[in-house]
Ligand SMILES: C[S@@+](CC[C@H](N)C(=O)[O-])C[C@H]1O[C@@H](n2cnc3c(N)ncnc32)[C@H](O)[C@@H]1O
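Given next, in structure tokens, is a single chain: the form predicted alone.
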Amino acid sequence: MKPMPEPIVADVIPTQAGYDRWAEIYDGEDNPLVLLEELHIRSLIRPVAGLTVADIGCGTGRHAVQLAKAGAKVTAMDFSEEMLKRACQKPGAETVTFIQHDLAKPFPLTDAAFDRVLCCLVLDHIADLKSLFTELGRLCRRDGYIVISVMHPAMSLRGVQARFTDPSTGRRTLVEGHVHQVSDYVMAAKNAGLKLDHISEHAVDTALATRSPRAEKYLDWPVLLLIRLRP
């Protein structure tokens, strides 16, 4: 299968500024990566009623609010003020503790305080994977899980990284990121003292392409990587 390059975008902006701008339209976009993740990630998280959950890089709260509605006590963190504003406006968000914090720095959260630790569609914006994995492991209880989703590294062969059309300028915009390979994620987890419990790759199929016009050009191409770790 020959990779087809994506159109060149006009702007590249830092991650936090990018997500602050993206927040206005994020939830309403046709985003095949998000749709594919939502099809597969729930089985890795498992029922959460009565559990404590940390959602690291929560964005607009798409996981945090749903997990709180399912009975979890959720703490959600993100570096984008505008993303958090959108999250706080959602029905059910009043039961979630939201924190704005730079994810590249140690988290202001207690050791071993969470049964589930999520980090969804974040890692391609993190330069120091080992430090982040170490922090995720620090938060997780010994009998808990860390669940990670990330855009599959194969998408870099298509010239793809996080991008959107800026609603204020109408220009296509890339959010600054880092290209990591599957082995980088696995070795960062290992070097942080975490055990690999699950890893899977997910491609766009015809059903998803029918739901998402943007997904059609990625048919049968690996788009999503899911990882579950144990402390």
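Being a predicted model, the structure only gives us computed values, none of them experimental. Residues carry their position along the shown sequence, with the first being 1.
Below, we turn to the form predicted in complex with this ligand, even though it does not appear here.
Residue-level contacts in the model of the complex: of L109, V122, V160, L129, one residue has a heavy atom within 4.5 Å of this ligand, and it is V122. Picking from 196-204, 54-62, 181-189, 166-174 the stretch near this ligand in the model of the complex, with a 4.5 Å limit on heavy atoms, gives 54-62. A residue is said to contact a partner when one of its heavy atoms sits within 4.5 Å of a partner heavy atom; V117 fails this definition for this ligand in the model of the complex, lying far away. In the model of the complex, S212 stays away from this ligand, with no heavy atom inside 4.5 Å. None of the heavy atoms of Y145 is located within 4.5 Å of this ligand in the model of the complex. Contact check for T75: every heavy atom lies farther than 4.5 Å from this ligand in the model of the complex. Residues from 93-116 that approach this ligand in the model of the complex with a non-hydrogen atom closer than or equal to 4.5 Å are H101, D102, L103, A104, in the order they occur in the chain.
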